[in-house]
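Only one chain is given next, in structure tokens, and it is the form predicted on its own.
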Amino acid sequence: MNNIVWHDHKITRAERSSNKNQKPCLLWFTGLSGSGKSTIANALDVALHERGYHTFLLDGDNVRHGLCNDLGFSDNDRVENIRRVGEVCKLFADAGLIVMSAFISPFTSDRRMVRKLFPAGEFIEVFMDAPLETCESRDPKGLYKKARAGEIKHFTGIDSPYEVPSHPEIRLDTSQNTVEECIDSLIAYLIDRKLIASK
């Protein structure tokens, strides 16, 4: 690292976001498998796109097909997975985008690591607070069944812990709220924090 020097860009982060008439931020969706992270993040992405905002969505499974396809699911690999994703999210935000990420991200320290990459108010932790019973009953990918059968090791919520966020900016329970209600809450938060305009 001794011979690597940071190169400043002539176009600033603020100029890039101003050109898009929005403020950059990262909505970090965290929660158990089946809690609705990808569903709600995708729905928010569509809602913001329809309002004319510039967004990008990073999904846990998709990222593991490319950027993180060399990583497994050990604790160390999970940490590195989130570190890489956090840095990519920061680059997208530096480009002036509203970024959404849907990752189980079970460890508080990892989520804190990503938060520290962003200016105050730009990291928005969205805790998908759906009960394990609800997530397991959905089991959209059949992973809980495999984990219960011992076919998958280190599965979050079964034999690997999930550390519940203590003070998330937003808490959503998809066992109680519809997709539309969740999106309304997220849009209201973004408007209230003046990250997007009221329309």
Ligand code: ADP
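Bear in mind the structure is a predicted one, so any value in this text is a computation, not a measurement. One-based numbering along the sequence shown.
As for the form predicted together with the named molecule, it is not shown, yet the points below apply to it.
In the predicted bound form, at least one heavy atom of L32 sits within 4.5 Å of the named molecule. By the criterion of a heavy atom within 4.5 Å, S17 is excluded from the residues contacting the named molecule in the predicted bound form. At least one heavy atom of I40 is located within 4.5 Å of the named molecule in the predicted bound form. Residue contact check for V179: one or more of its heavy atoms lie within 4.5 Å of the named molecule in the predicted bound form. Figure note: of the listed segments 46-54, 139-147, 156-164, 62-70, the one touching the named molecule in the predicted bound form, with heavy atoms no more than 4.5 Å away, is 139-147.
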